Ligand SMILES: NC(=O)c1ccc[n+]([C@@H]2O[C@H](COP(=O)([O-])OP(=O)(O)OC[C@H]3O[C@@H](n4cnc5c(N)ncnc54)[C@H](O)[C@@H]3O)[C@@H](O)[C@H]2O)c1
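Only one chain is shown below, in structure tokens, and it's the form predicted alone.
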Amino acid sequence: MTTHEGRLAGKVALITGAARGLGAQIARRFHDEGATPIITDLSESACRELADELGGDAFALDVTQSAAVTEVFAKVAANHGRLDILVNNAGISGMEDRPEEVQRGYDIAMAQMADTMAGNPPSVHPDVTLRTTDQDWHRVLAVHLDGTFFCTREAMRIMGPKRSGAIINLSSIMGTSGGSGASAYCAAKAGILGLTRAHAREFVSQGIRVNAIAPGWIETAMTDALGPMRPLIAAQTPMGRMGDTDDIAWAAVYLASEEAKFVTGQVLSPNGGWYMSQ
């Protein structure tokens, strides 16, 4: 807990997907900087646990359900009369329940590396797209793109009349650089960048700033699932390691604060040098 007034003193901030990982740490840092955090996630009990720790509100929310989003934001407006910050953090990789795909990707990467070192053409190729079902594709896009749009639309009903606010969308280096074997995730995260720029231009006349964070490889439950790929990822990162959740949380604090009052439509990418061209 900081002892000064805080960079976000008096602000009300709603964070989606905030029961754990990046969202939870963003909520903690917002709280430390004086904001009242509103914790939303699929699990009401997980939301309540963190909200009780931080002294904020908690709501179960599936961001892919437009009616549910409308209901939660209406409750926020009724309870607080304002919303100063929205962090669209809810997301899935699409590989949470498919460890065999992670192992397959690792095996193919190792085989291709061995072929290259032996001076041979690749003998195996990624084929994730061929095995991606319609349901797999739509689920990833729904959480990231539908969720970001639905939450932003409802936030603007509160922020717009106040002529003030900051919206922060969580993208990824997979949306800026692309990545093999994750077409739905890359498309969704790239789409978030386009949505960020469109909304930054649309909302600027109302005093609302919209920016994105494109994290690199961060130590979370989502990247824990990468298993054998993790040492390879660390080796490919110029800083030689994966990041921690605070690397993203402090970026969010900056973008939400008055320090970023001349920043809109931008992408901030804490990634250890993994990707250097935004």
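Since this is a predicted model, take the numbers as computed values, not measurements. All residue numbers refer to positions in the sequence shown, first residue = 1.
This protein has a second form, the form predicted in complex with the ligand, left out of what is shown; the following refers to that one.
- Here is the short version: of L232, M239, M222, A68, the single residue with a heavy atom within 4.5 Å of the ligand in the predicted bound form is M222.
- Just one of L193, A187, V143, M156 comes within 4.5 Å of the ligand in the predicted bound form, counting any heavy atom, and that one is V143.
- Contact with the ligand in the predicted bound form, defined as a heavy atom within 4.5 Å, is made by all three of G21, L170 and I218.
- Taking the partner from the other structure, the ligand in the predicted bound form has no heavy atom within 4.5 Å of any heavy atom of A166.
- Remark: I92 counts among the residues lining the ligand in the predicted bound form, judged by a heavy atom distance of 4.5 Å or less.
- Put simply, T36 is far from the ligand in the predicted bound form: not one heavy atom of it is within 4.5 Å.
- Interface residue remark: D62 is counted as part of the site for the ligand in the predicted bound form, having a heavy atom within 4.5 Å.
- Per the 4.5 Å heavy atom criterion, the ligand in the predicted bound form is contacted by stretch 209-217, the sole one of 50-58, 249-257, 209-217, 28-36.
- Shown here without the ligand, the chain has D41, L42 in 32-47 lying with a heavy atom within 4.5 Å of that partner in the predicted bound form.
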